[in-house]
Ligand code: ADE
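Encoded as structure tokens, the following chain is the form predicted on its own, with no partner shown.
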């Protein structure tokens, strides 16, 4: 599974930071975030709300464009090691300059330069999806969306929303999504994880997204499953994350296979891999063990992911060629 070429569409940039990298930055900054780690040095949390707190504590030591350049290098090296040939990463200007467009440009320039270096060194292609943080509220989301709109182009290709699904409604953020859409950005949002099936309906109805982050609780509503299949909306499924956060007791109980069998477009990603002690080869191994999926199934999943990627035609052609020949 490690050698199989892979496409990953749902990865949080800060959430992919190796714990040792964050601990080193905390040491350099003389910041005590020791409560974010367990005795072995890994991230430590209990439940989703605590996870969000630990995530933001870890992110707090990332303070400069250079920090994000270093982070990008570390994250993309890990992805390349796992056989990822194309990756889309969620980036939030809230963490990169506080939502200020000028500051965001500086952070983005450092990130893109590091991404170019990673492509030259490892052959991995990377694009950014600017992401609003839902529990920061709709007004802050407008600022984040403006940052996305002002830097939309070949590298920033999408806009989405993560964070606490229990805060507000998807429609509260419609202005931010409309602003991003008008700038030519393609849209996704987290829904159907802790928010339940209704949050997926809201995402479709109020935000008009073409992809859904997670979306797995759609399985609780047969009509919604039919709607997703009919509209060809792609789900960015992260099984290991769902299991780690207690949404399902194990991989065998996860609805990914039932959603796929119902005709819903499914992709597989890792979300925040070091937090959940996972990587894409492990995700594939667990899915193979739980559902009997083989190499042809995973090649089909990656074909679906390539088709759903927020990239231009030329980049997609490069991805497809790699999937076919490697």
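Remember, it's a predicted structure, so these values are computed and weren't measured experimentally. Numbering follows the first chain given and starts at 1.
What comes next is about the form predicted together with the named molecule, which does not appear here.
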Practice task
Please state whether all three residues 193, 245 and 272 have a non-hydrogen atom within 4.5 angstroms of the named molecule in the predicted bound form.
Solution key: yes
Handout entry: Per-stretch contact check against the named molecule in the predicted bound form, the hit in 159-167, 68-76, 197-205, 107-115 (non-hydrogen atom, 4.5 angstroms)
Key = 159-167
Problem - Proximity to the named molecule in the predicted bound form, single hit among 298, 55, 37, 291 (heavy atom within 4.5 Å) - result: 55
Completion exercise
Checked 241, 89, 145, 234 for heavy atoms within 4.5 Å of the named molecule in the predicted bound form; positive is 241
Handout entry: Distance check, residue 48 to the named molecule in the predicted bound form, heavy atom within 4.5 Å
Key = yes
Exercise for the section: Output the sequence-ordered list of residues from 12-43 with at least one heavy atom within 4.5 Å of the named molecule in the predicted bound form. Expected result: 12
